[in-house]
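Here we start with a single chain on its own, the form predicted alone, put down as structure tokens.
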């Protein structure tokens, strides 16, 4: 598993991540330069903060939907649904994926979303929001991977950001990776998790979808043996 080629980054993975990073950096640069020329700083900064908060909320809503509805045959999202169920079975694999391998799918979506905005608009507020929000969404899978790593294996800066609540931490995200996988869905900072879980927001949405469409979420059933967690024995094998 440690040397599995499926976990390695390929050239096109790196190309998409480079593309996504470029579009996000251009957006942030336009926000800063236009703000500097106009002397307007407060609004772009506030827009960036809103983007950061909404990225976390968006990651939770998307994570909830992928975890609970559809299967590998679902159009567009099927491969992601299958991957997330595989993640529940082998949550430690995300820590073994190389950087671009882990981010390229989101980076591709971010590239196609942000590029037209970069080309058409010069509003520093818009770019402050887009650059931070889409940047956080693109890197959310890396934040997710760090939340599955022990502090001893992380850079001190990452640990400091997790401890400060800027990035989702292992302690916050750990509650999600226990059956029925029905809480703590947000994976940017995790700041929305307590509110969403306390007020049972996703449970309410599940009830609405069930009564309107007759669709049951996976979290209402006992987890299938095909996607309940297996123990990571690779490190034990490597040490033996």
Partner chain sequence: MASIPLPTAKHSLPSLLHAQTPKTLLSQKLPNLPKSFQSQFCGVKLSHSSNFAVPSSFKKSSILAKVSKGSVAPSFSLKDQDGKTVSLSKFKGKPVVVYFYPADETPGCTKQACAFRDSYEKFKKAGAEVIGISGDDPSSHKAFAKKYRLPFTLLSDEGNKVRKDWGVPADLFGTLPGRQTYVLDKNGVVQLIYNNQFQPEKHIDETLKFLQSA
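Numbering follows the first chain given and starts at 1. All of these numbers come straight from a predicted model, not from anything done at the bench.
The following text describes the form predicted together with its partner chain, which does not appear among the structures shown.
For residue 216, a non-hydrogen atom is located within 4.5 Å of its partner chain in the predicted complex, even though that partner is not displayed. With a 4.5 Å cutoff on heavy atoms, residue 220 counts as touching its partner chain in the predicted complex.
Taking non-hydrogen atoms only, residue 200 approaches its partner chain to within 4.5 angstroms in the predicted complex. Proximity of residue 41 to its partner chain in the predicted complex: non-hydrogen atoms within 4.5 Å are absent; the residue sits far from the partner. Contact annotation: its partner chain lies within 4.5 Å of heavy atoms from the stretch 192-200 in the predicted complex, the single such stretch among 32-40, 192-200, 63-71, 50-58.
Residues from 197-216 that approach its partner chain in the predicted complex with a non-hydrogen atom closer than or equal to 4.5 Å are 198, 199, 200, 203, 204, 207, 208, 210, 211, 212, 216, in the order they occur in the chain.
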